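Presented below, as structure tokens, is a lone chain in the form predicted alone.
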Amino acid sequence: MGFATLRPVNVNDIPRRVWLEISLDTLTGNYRKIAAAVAPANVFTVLKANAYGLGGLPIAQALAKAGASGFGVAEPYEALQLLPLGKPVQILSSILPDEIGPMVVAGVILPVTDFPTARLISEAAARLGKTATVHIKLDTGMGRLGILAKEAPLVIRHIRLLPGLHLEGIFSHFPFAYETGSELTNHQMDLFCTILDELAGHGITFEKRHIANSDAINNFPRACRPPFNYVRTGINLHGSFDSAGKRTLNVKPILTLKTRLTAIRTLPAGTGIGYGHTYRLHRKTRVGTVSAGYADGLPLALSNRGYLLIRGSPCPVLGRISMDYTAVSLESVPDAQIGDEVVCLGGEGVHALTVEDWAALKNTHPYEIICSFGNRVERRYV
């Protein structure tokens, strides 16, 4: 009597325990609201770090269909993934010497952060028989990358003489745009405009001029108006904002983090919960164990302070969140069952949990929250 042949288990047949639901309709709706708010300026959508961890390619595909003018990324690997969509792709930060040749061949828009970089791009373009499209990056106050403002007019005049370069754009970045009325932010725009005027006197102009990020779109309308004709937006696409500043855009959250209830137990009074027993039950309590922890992006700061949603009801977190699991009180949901869906972030109504809520608990900013979902968290596009 033989044994039946067993089909190998396909990993894709096993549902993930933790997943992000990402609404592409809400994403494109947010994009259209931003585009309308800054018109006639065009919008570069910033998808660095794999669209802040939400999935660069699916999000880029949706934004391309919605009419995005182009994509901003941080490094070459990200750029190459998006080129097949037929939109301009720009590296916004820096370019390393050994990256220049391949990026010139691929047609990626490159940043020029200093004269030596411009010369290397020019040499690569000449060697390859190409013209490299570049944007000049100005340091008007960020202190991170770019040509210092006081040196920029002279350096750019020298850059223009290099062969093989198409000086398409010029841009800078704000460190304080989330602070309404920031003097530094206004000074940065003044510097930028002064540089443009001086260069125009030498016959140097740029097709694309951009300084506004998501914060500036909300707090500094001037950054979205001439001479600026492009803006860059990332976090607002996701329906999130910096914790400070105005929220003039009526954008909506695009993501919901979900998992499942994996165990239900009634534990006696005095039971210590989790590592370090940072919570001890005051009475006999129905306790649920949820299949998500800090490896999935749940902040440790939720320990003994936050709540998750089961059947729409808030269930307080008990004890310290661990890597894979979180304990919650089920006193508010006596009908909860193993396998129930658990909303960790998102939801509807007054108990909805926002990215900004988690950022406040963690004493950080929303960018870190969105970028923190672990690689075992499945991204589902709905």
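Each residue number is its position in the shown sequence, starting from 1. The structure presented is a predicted model; accordingly, all values stated were derived computationally and were not measured.
What comes next is about the form predicted in complex with a small molecule, which does not appear here.
Three-residue candidate spot Leu92, Ser214 and Thr233; every residue lies within 4.5 angstroms of the small molecule in the predicted complex by at least one non-hydrogen atom. Scanning Arg280, Arg144, Arg222, Arg160 against the small molecule in the predicted complex with a 4.5 Å heavy atom cut-off leaves one residue, Arg144. In terms of contact with the small molecule in the predicted complex, the residue from Val46, Leu54, Val317, Val333 that brings a heavy atom within 4.5 Å is Val46.
In the predicted complex, the small molecule sits within 4.5 Å of a heavy atom of His173. Although the partner is absent from this view, Tyr367 contacts the small molecule in the predicted complex, with a non-hydrogen atom inside 4.5 angstroms. Stretch-level contact analysis of 286 to 294, 234 to 242, 162 to 170, 104 to 112 against the small molecule in the predicted complex, using heavy atoms and a 4.5 Å limit, identifies 234 to 242.
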